[in-house]
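Below you'll find only one chain, the form predicted alone, shown as structure tokens.
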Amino acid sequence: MSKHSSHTVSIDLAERSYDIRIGSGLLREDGLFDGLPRATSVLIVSNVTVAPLYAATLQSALEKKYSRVFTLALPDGEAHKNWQTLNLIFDTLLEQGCDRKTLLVALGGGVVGDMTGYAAASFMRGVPFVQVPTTLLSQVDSSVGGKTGINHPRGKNMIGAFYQPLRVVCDLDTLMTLPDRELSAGLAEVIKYGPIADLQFMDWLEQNMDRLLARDVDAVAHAVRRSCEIKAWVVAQDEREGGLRAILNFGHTFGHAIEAGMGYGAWLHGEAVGCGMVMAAHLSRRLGLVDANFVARLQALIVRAGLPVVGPELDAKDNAGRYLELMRLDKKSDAGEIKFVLIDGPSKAVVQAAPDALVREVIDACCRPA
């Protein structure tokens, strides 16, 4: 990928404000880490897949500014987003004699970013951290906004904290080594921004999906920048998800049920969200919020991105019942009432409950036996 101009998207959170840098070749750029606090040590947290590709480059950049820089490579995948893996970070910090001036740097996808952020929030009650997301999904979603955490066997991201990074560095070159399946998974989180906030962006995605799948640098840069702009705008108004921020979970209520029900890692997060958006759109239509044409349009875009649109069967006897059981454990449920992000007309989202009978109809219509 050739060198292109970089862009900066600012996220406005008063004294916790920070910049998202987006561009090609950023990890090799001088001054990338200027303006960060002084630190005695820096721990780069990555995984066994990403570390061999980019850890040496990142370590070289950090060593220009910090005297002690070391790297920890965690096992890769959603199945390892748990206490045991999180403790590997704490073990390393303690073994290396790290203190509260230590800087953590997350180098990887959403799992690495979420766990590093949670470790930063917890170690010595809070140390600074920087996000260097290397997947499309983490660049457009999970690295921005300060949600950190780990999974519990009963539910996704059930244990965590709101803790903002000091900076987010999205080097688009890292997307060149991303497997096609991971690229498609990231496109789910890009696509969601159209139905909930920006119909023009949805139009653009329909016109440019082939360029995105081909990893055209200008198309990818625009998709990442616009996604980050929308997320930054939402998070600035509702950092801790008291209201508006919940719209960013479009497709996630169904999607998290798929992930938990199948076993973490069987479906990628973006695959589950892509399918979940189809199910949420069908539920929106059955509630009279959108028409069938919009549902078909969204489903066609998700198919073009290479994502599944038919849900898995989680229980041969009562599939819809199993989905409902898992969705009641979702963080958005309220006193046992499941809250869905629905599309209330194009580019407008609403968070509300729906009758179980209607949800069952949607699940039955959108899933097929294994």
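Counting begins at 1, following the sequence as shown. None of these values were measured; they are calculated from a predicted model.
There is also a form predicted together with a small molecule; it is not shown, and the following applies to it.
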Is the gap between N319 and the small molecule in the model of the complex 4.5 Å or less for some heavy atom pair?
no
According to a 4.5 angstroms non-hydrogen atom cut-off, is P179 in contact with the small molecule in the model of the complex?
yes
Contact with the small molecule in the model of the complex for E229, defined as at least one heavy atom pair within 4.5 Å: yes or no?
no
Looking in the model of the complex, any heavy atom of G251 within 4.5 Å of the small molecule?
no
Within 4.5 Å of the small molecule in the model of the complex, do L93, T116 and Q164 each have at least one heavy atom?
no
Quick one: of I196, L137, L72, A260, which gets a non-hydrogen atom within 4.5 angstroms of the small molecule in the model of the complex?
L137
With a 4.5 Å heavy atom cut-off to the small molecule in the model of the complex, the contacting stretch among 296-304, 127-135, 97-105, 283-291 is 127-135
